[in-house]
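Quick setup: one chain, the form predicted alone, written in structure tokens, and binding and motion questions come after.
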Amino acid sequence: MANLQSDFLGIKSPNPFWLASAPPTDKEYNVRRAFEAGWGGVVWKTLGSEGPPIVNVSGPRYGAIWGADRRLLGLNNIELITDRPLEVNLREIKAVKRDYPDRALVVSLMVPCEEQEWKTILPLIEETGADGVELNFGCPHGMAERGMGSAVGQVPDYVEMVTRWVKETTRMPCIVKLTPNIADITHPARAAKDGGADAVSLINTITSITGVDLDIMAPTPTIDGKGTHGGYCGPAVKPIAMNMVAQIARNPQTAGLPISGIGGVTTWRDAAEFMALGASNVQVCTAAMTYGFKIVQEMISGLSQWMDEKGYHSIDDFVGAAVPKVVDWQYLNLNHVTKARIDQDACIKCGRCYAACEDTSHQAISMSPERVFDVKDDECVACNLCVNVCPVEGCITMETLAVGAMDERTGVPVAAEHRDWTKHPNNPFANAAE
């Protein structure tokens, strides 16, 4: 049987599924329910200092993007950090950790970018018995305007400075949560490492406006006639998050830095993909908010079954396994040739593939008077647009051709002989490839 136990920075949990710092982890009641449902750990919703109280809006806090079947694809969140008193949160954290010693409990923190503020709050967190702290350098709304959150995460010098303050003050493991609202994610990751961070977590939410109410001409969600940008999360951000995780995992200056992967994790497969790209565990928010805490049970059983099928005994067996195969574009094999193939028995003759290819691609699909669709190998460039627009899963597939293969109908070669494209004079990446 696969062993899903996780050891992240010495923080042990029965599985690698943690709840991210967010509304679901705002209070003792929620966290206890999460642990009873099976979550391996939680990152407690971000605490602030004992300064002026945080006041959240009491109107709508979420905007949404749905798919055609109203499946939730993304949430826009304008909620701030916890608005509950610090002493109440600290008391509840201590009680939960006492009652669930086998679960990971990390506390998210965000205080002004002043050394004394951090040195004041850290001993209070230590006293609760929490397993570690996560520095919230990612929140893009409300707090950023106050010089915190992503306002810090977008400046590598600040990331390094605050991380260093934290590491000089506390014995607890320090995870730095990175903002995706930056051109190159490796810069703040490197700064966190230079500051002594034990790990990074990413991504935090993406700055966004998800809609406009065209009747009152204001962004949604709308508060008394006005709206603001928020943080975008959910399945829609997963591709962005995975790319950033991979960038850190494969960059020589940040490789080896432990990563907690965040961004659209909804199924066990999502989690496995994040871990294959270098994350040692994953954090979940939107999926729990959409389906409830018990979704973790499907994640656990699915990951366990897949690991058994693949022969993986522990999650460490496949963490980072895909990283060596993530390469820059110029290292792709330009001699590799595939062509689309249509399963006529599965085809429902909707014509989507034909319309997409004829109008917007390479005119590589023919349509007979009887609405039989076929691929013209000599025109097909294997873009696989037809695969992606076909409503029948598995109806259109891509077939790899051997070098020198010919189109049976035209006799035209459709798979060129091998050439070293990295040396071709027209290859703009030739020098880089060398």
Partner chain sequence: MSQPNSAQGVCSSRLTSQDYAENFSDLHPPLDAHEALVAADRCYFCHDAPCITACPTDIDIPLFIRQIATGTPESAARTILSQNILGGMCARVCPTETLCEEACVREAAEGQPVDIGRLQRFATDTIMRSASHPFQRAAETGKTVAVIGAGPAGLSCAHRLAMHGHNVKIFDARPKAGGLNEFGIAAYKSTDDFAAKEVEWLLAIGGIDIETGKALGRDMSLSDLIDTYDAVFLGMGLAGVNALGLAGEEKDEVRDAVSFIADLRQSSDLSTLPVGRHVVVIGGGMTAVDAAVQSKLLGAQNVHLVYRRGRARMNASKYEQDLAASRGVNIITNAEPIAVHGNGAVREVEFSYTVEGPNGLERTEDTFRLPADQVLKAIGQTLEDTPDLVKTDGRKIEVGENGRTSHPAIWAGGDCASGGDDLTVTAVAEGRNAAEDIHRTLMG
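A quick note: this is a predicted structure, and the numbers were derived from the prediction, not measured. Positions refer to the first chain, counted from 1.
The following text describes the form predicted together with its partner chain, which does not appear among the structures shown.
- Only one of Lys310, Lys349, Arg171, Lys325 lies close to its partner chain in the predicted complex, with a heavy atom inside 4.5 Å, and it is Lys349.
- Between the options Ala355, Ile295, Leu86, Met289, the residue in contact with its partner chain in the predicted complex by a heavy atom within 4.5 angstroms is Ala355.
- Screening 23-31, 49-57, 364-372, 36-44 for residues having heavy atoms within 4.5 Å of its partner chain in the predicted complex returns a single hit, 364-372.
- Using a 4.5 angstroms threshold between heavy atoms, Gly394 stays clear of its partner chain in the predicted complex.
- Residue contact with its partner chain in the predicted complex: Ala68 places a heavy atom within 4.5 Å of it.
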